[in-house]
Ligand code: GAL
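Next up: a single chain in structure tokens, the form predicted alone.
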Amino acid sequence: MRELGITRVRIGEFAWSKIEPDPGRFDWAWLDEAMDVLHEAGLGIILGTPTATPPKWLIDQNPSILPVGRDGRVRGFGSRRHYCFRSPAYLRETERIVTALAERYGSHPGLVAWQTDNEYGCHDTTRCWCDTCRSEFRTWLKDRYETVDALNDAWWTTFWSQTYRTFGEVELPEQAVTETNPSHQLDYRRFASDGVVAYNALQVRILKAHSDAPVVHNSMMLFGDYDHVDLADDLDAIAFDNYPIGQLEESPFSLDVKEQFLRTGHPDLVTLSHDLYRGLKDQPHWIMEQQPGQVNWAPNNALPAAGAVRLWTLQGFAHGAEMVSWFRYRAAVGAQETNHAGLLRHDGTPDVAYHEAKRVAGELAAPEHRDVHTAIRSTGDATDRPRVALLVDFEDLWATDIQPHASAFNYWGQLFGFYAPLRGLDVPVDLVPKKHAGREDEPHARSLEPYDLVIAPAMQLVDEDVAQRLDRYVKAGGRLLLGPRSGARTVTGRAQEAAPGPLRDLVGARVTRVDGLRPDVQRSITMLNGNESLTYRVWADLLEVEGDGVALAHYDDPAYQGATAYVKRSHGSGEARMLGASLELEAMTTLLEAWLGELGIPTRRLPDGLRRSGAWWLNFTSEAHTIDGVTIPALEAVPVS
């Protein structure tokens, strides 16, 4: 590993039955040896708590640990993540095993970090439907609403005769005849997310009591079942597991796009994850698992192209990763992940990715390449910060999932619909959590002042607090762009009486009707300045200009009767705009290119698959490209001159 250029090794995240083979009997010898051997070789150790895999004897002792699925059936032993986050028995057992691990290794000289658990929420395990969750959900609701009358008002329970007399009458929002109340569902997702965050905080508290090593957790690409912003607040660093080909295979992209990036993954889809996780704490993130070859879990599992592993590694560092760790070192010879590749094959001989890892490790060690990061350290220095920010929010994601209203409308798609055109225009982007954006009164506050343009691609849930923060930003000279469905709901999930709700005066327009279209239906809008036609699919908010608002584009569909599609309102040197249509990639590129030019933000159209990431040009295509006098060969990375 040292010869390869590896400096850190992650171990132990699934090892509970090896650590404690029988109740109360610990076998530390093998792990002591591993810790000592790795340390003596000069490798830093990231030690995982083993709570993602409670052993069989523990389940037999405490069957109440097992989670219950949405179908009401207990989800049994035999894989992983077989526990309820709120099980009293499992909370006690978690405290016991994590304390034992922390006491044993908290001061080990080879320890460089802790990883809590593994991939919270994987396999649809964020939300449990057991009796404990039902009882604690009722308590959670009482704490949130105080009175059942307030809950009934927030959820609008008069509809379908759902009015509750007490909190004790509230059930879990599942197993009903048809769709359950969307506000009920939204609060249950909040409750479940809070359970994940509290469970992680329990582990962090124990580890911190016995060790000075930083604590991290490894989440997943574009995974939204819990609020990663809240989770990240308790961690020293946030990590994610980067599987570009597997993620592309599970994405809603067309078959043509999947074919185009079959062996590399979509470069913008990958950097979206990097920028998201970097943005959660506004500091460098970690890649705890980097795909080194085929994965085992996607519907189809293509081999990466030669050079792809190197590209992904450089891409991670260029977008702010402090560490990239390949998973795994040697392919497993049995069990569920037998088909998951490693840097070494099953027989221990080097696979293709081994040689690419060795090459990139050498490149990163070279003096001219040591500083490849574009991440902004949390120092308040904005000199090299991107000039454009996208607001992200997991509660907005949940609201979209609960009632999409069009089969192809989803949160990640809307976010990508703004992000990819910006990356294609060679514009770097920050992703900023909505709940921290523009605040002035909390530890995690994120100023919007450094940004010339702030975009809210899919901000459904809006209250007066959000509106006031964005209002301050615009009136101080900022530019704001709201995407489709902005301000459609209150924070409890009720419809705004006129969207975009409290942002209505800021943009100078209201939404009169909406159109949720089949994904194969294409329509267009016409820009009033130049008569340029831009195409959209899936969604249209029909806008009506109010007050000082100015229409920038109209819909062409006769069914809309000339409704406005794009509007702006000026506020001194600041300006707020709202775009009602989900524009297609080329159309969104055209629209953003024009406005960015007006704002003095430089743009240039890059070939599809060629991207500048920090100090590197990364070519994800099968042909060479020349830009700024530099030729970037196919599937290669070249330093920016």
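Numbers for residues come from their place in the sequence shown, where the first is 1. Computed from a predicted structure; not experimentally measured.
The form predicted in complex with this ligand is left out here; the points below concern that form.
**Student:** Among the candidate residues D557, E289, E363, E356, which is the single one with a non-hydrogen atom no more than 4.5 Å from this ligand in the model of the complex?
**Tutor:** When this ligand is considered in the model of the complex, the option within 4.5 Å is E289.
**Student:** Looking at N218, S211, S325, S87 here, can you tell me which has any non-hydrogen atom within 4.5 angstroms of this ligand in the model of the complex?
**Tutor:** In short, N218.
**Student:** Contact with this ligand in the model of the complex for D268, defined as at least one heavy atom pair within 4.5 Å: yes or no?
**Tutor:** Answer no; every heavy atom of D268 is more than 4.5 Å from this ligand in the model of the complex.
**Student:** Would you check, heavy atoms only and a 4.5 Å threshold, whether V295 touches this ligand in the model of the complex?
**Tutor:** V295: contacts this ligand in the model of the complex.
**Student:** Do F137 and this ligand come within 4.5 Å of each other in the model of the complex, heavy atoms counted?
**Tutor:** Heavy-atom contact with this ligand at 4.5 Å: absent for F137.
**Student:** Determine whether any heavy atom of E95 comes within 4.5 Å of a heavy atom of this ligand in the model of the complex, and answer yes or no.
**Tutor:** Looking in the model of the complex, residue contacts with this ligand do not include E95, since no heavy atom lies within 4.5 Å.
**Student:** Quick one: find which of 501 to 509, 158 to 166, 114 to 122, 478 to 486 has residues within 4.5 Å of this ligand in the model of the complex by heavy atom distance.
**Tutor:** Result of the contact check: 114 to 122.
**Student:** Tell me whether Y243, E337 and H340, taken together, all sit within 4.5 Å of this ligand in the model of the complex, counting heavy atoms only.
**Tutor:** Every residue of the spot touches this ligand in the model of the complex.
**Student:** Let me know which residues along 1 to 34 have a heavy atom within 4.5 Å of this ligand in the model of the complex, or say none if there are none.
**Tutor:** Sequence-ordered list has one entry, F14.
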